[in-house]
Every structure is written in structure tokens, then in C-alpha cells.
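Take a look at this single chain, the form predicted on its own, given in C-alpha cells.
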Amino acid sequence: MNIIIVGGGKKIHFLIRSFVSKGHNVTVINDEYETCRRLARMHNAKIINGDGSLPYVLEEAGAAYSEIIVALTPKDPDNLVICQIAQKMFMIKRTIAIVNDPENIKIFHELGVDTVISTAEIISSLIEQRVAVDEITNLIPIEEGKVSIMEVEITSDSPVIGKTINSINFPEEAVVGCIIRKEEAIIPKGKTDIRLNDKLIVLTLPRVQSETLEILRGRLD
């Protein structure tokens, strides 16, 4: 599958690695030259320096033969334009966009964007559940927040250090899908142990995010 990612900032590295590891062809468009140079050195992906809201840049990125576009720029209008151009000019089947203002969610849906992700709504939901936002370094909602993937770093006061996955009493609605250990990505099995400074990629339903973090970190702030 051919996937285009526009923007993304510092959090784009995991997304690229995830897509590439699954055999997808990834093209990244970013308007910051130094970011593009860094991405080109680190990833097996096509990197284009340019404005992803311009049709000729999307054409250069191969939009005509891509199946998915992910708009992650910090500007909601740009993300909307990117998705609309991708749909109407290049017939891209699936569009995904970040919105910074939750009030734009309805507008994005009405104008045809398939999946709209509001980081503000996610953070609000976490606070309501008494989850410490600083415990989560990455959060990706699936199906508009029905399911979430969170990245949790294991610090020295975590009660799960040295324990195996199958010895930890996780909620049934939470699964550790990957462990990032230094530069290595590990798909954990039941006997995989958790170590200091591991980053756990955890798939959860929203109602058990708080409980899952309490298990991993031993406290709620």
C-alpha cells in the first residue's frame, strides 16, 4: 500500500517505522528542510521538502497511485485542504487528518474527511479519567477515539520492572503490542520481561487507560 504523510513533527518517526515494517511504501512531505534531511537519513521512505497543500507537491509525492493520506500539519485549514485535494484531484480512497480545534471536527466530516483526530479532545478525556498527561509521550486514537494506542516510558519507580508480561494483571481491554528498547522494537510474548527505560506501546479502550497507567507506573497523579 502507498501511504503519504504530510507534516508530523517529532512524532512522525514511529509512524514511519510502523508503516514500513508492515511492508507499506511511505512518502513524507514536510516543509522544513532540516527535518527532511534527518528523516531521509533515518528511514527507508521517500522524503519530499515542500508544502503538502499544493497539488503539484502531492503529485510529486505520488498521490495519483496512493491509497491513504495522513495530514498532520499544525494548521487545521492546511490539513483540510490536503485531504480535499487528495480526494478530488487524486482520488485517494482514505483521508486522515489531525485537528487542533475540536470545533472543526464536524466541518471536516461534512467536507468528506474520513477520519478526524482531535488531540484536544483526547487530552481532555485523559484528564477527566485522572490520567497524568505527562506519563504519555505518544497517543494515537483509532476510529475517532474508540480505541487508543499510547506509548508509556518505564521509569525507575515503576512496579513492573523485571516482571514478565504474563505476570502483570492488565485489564482485558489492554494489550502491550510492542516494546521499544533502545533502538530495538520487540513484539512481546508472555515471557518477555519489562526493563527500565522501555517504551511500551499499549493498545487500550478509553475506559481502562487510567487503570493501565496505574499498573505500569504504580500511581495516578
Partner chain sequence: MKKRNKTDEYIIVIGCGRLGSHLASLLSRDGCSVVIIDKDVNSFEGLEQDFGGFTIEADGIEDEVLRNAKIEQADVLVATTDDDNANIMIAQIAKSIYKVPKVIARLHDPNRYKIYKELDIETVSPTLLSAIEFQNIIARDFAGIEEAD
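Residue numbers count along the first chain shown, from 1. These numbers were taken from a predicted model, which means no experiment stands behind them.
Below, we refer to the form predicted together with its partner chain, which is not included among the displayed structures.
Taking the partner from elsewhere, every residue among Y56, P77 and N104 has a non-hydrogen atom within 4.5 angstroms of its partner chain in the model of the complex.
Its partner chain is not drawn, but in the model of the complex it has no heavy atom within 4.5 Å of K93. Looking at D31, you'd find every heavy atom of it more than 4.5 angstroms from its partner chain in the model of the complex.
Interface membership of Q84, defined by any non-hydrogen atom within 4.5 Å of its partner chain in the model of the complex, is confirmed. Its partner chain in the model of the complex comes within 4.5 Å of a heavy atom belonging to D51. Contacts with its partner chain in the model of the complex, taken as any heavy atom within 4.5 Å, map within 86 to 119 to K88, M89, D101, E103, N104, I107, F108, E110, L111.
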